[in-house]
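As structure tokens, one chain now follows by itself in the form predicted alone.
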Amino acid sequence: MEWQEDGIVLAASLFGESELIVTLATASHGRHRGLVRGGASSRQRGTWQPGNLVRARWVGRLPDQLGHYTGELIEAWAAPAFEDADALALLAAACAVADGALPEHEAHPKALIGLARLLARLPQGLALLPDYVRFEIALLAELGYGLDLSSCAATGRNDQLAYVSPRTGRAVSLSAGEPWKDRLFALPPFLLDAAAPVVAAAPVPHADILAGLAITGHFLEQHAFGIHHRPLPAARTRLLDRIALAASIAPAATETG
């Protein structure tokens, strides 16, 4: 059996002295692994960096076999990240979350498109964080666990939405959620329209980013990672640590300025 398709490299691990086991996200074949002979060589290793878009050919005897990849680089989206620690943290988190959440050999083309759009804009660094949160929300929706932030779960109204239920993933208004606010997630304003692009003129506070990631992290852990008894990826935790550090520095910089 064989197929050829464009895919995003989600992970690449050394196998033996010079081979790589590579995981790709493809539109038709989903998350799919394969062995790359000589993938760790100086000639090939740049192609198989996580975050890159490649045109891959997979060959195997049976669909469930590991099989072998050959391929060529289409977009070196990983390259800018090696010069920017923030971009590298975003790339690592996005690829690790997609790798852990997407089922093997199950097509989820919308998730692939969302990841590609995110990786193509990595040079924006931490300015891309609102769209990273939206990427995780879209990934949850693609997996069948979409959040409903359109109206209040208790009243049906769409004004003063302030919380998210950790049980249902639905929004809750300020008045309806007040008695139980300690049990609810705070809903950051930038997520009230999860499909909207980032507005460069209005930067999103780091505290709101962390609030958004707390929501998506809860549902990813519950529906994508926890059911397989796996924790959320360490790369995602490292991204949160960078954001928390940036949030702690920002007020101090404002005061001294």
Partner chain sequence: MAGAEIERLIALLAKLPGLGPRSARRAALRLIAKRETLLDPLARALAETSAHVRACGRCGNFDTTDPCSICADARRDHGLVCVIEDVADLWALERAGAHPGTYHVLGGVLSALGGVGPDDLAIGRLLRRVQEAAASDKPVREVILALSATVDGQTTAHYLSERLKPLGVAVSRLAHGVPVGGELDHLDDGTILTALRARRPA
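Positions refer to the first chain, counted from 1. Please read these numbers as outputs of a predicted model, since none were measured by experiment.
Just so you know, the form predicted together with its partner chain exists too; it's not on screen, but the next bit is about it.
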Which one of these stretches, 140 to 148, 177 to 185, 156 to 164, 88 to 96, sits within 4.5 Å of its partner chain in the model of the complex when only heavy atoms are counted?
88 to 96
Taking Pro80, Asp84 and Ala235 as a possible spot, do all three reach its partner chain in the model of the complex with a heavy atom inside 4.5 Å?
yes
Position in contact with its partner chain when the complex is considered in the model of the complex, options Ala127, Leu73, Ala107, Ala116, heavy atoms within 4.5 Å:
Leu73
Its partner chain isn't shown here, but in the model of the complex which of Gln49, Gln65, Gln222, Ser41 has a heavy atom within 4.5 Å of it?
Gln49
I'd like to check something about Ala244: if you look in the model of the complex, is any of its heavy atoms closer than or equal to 4.5 Å to a heavy atom of its partner chain?
no
Is Ser13 close to its partner chain in the model of the complex, meaning a heavy atom pair under 4.5 Å apart or at it?
yes
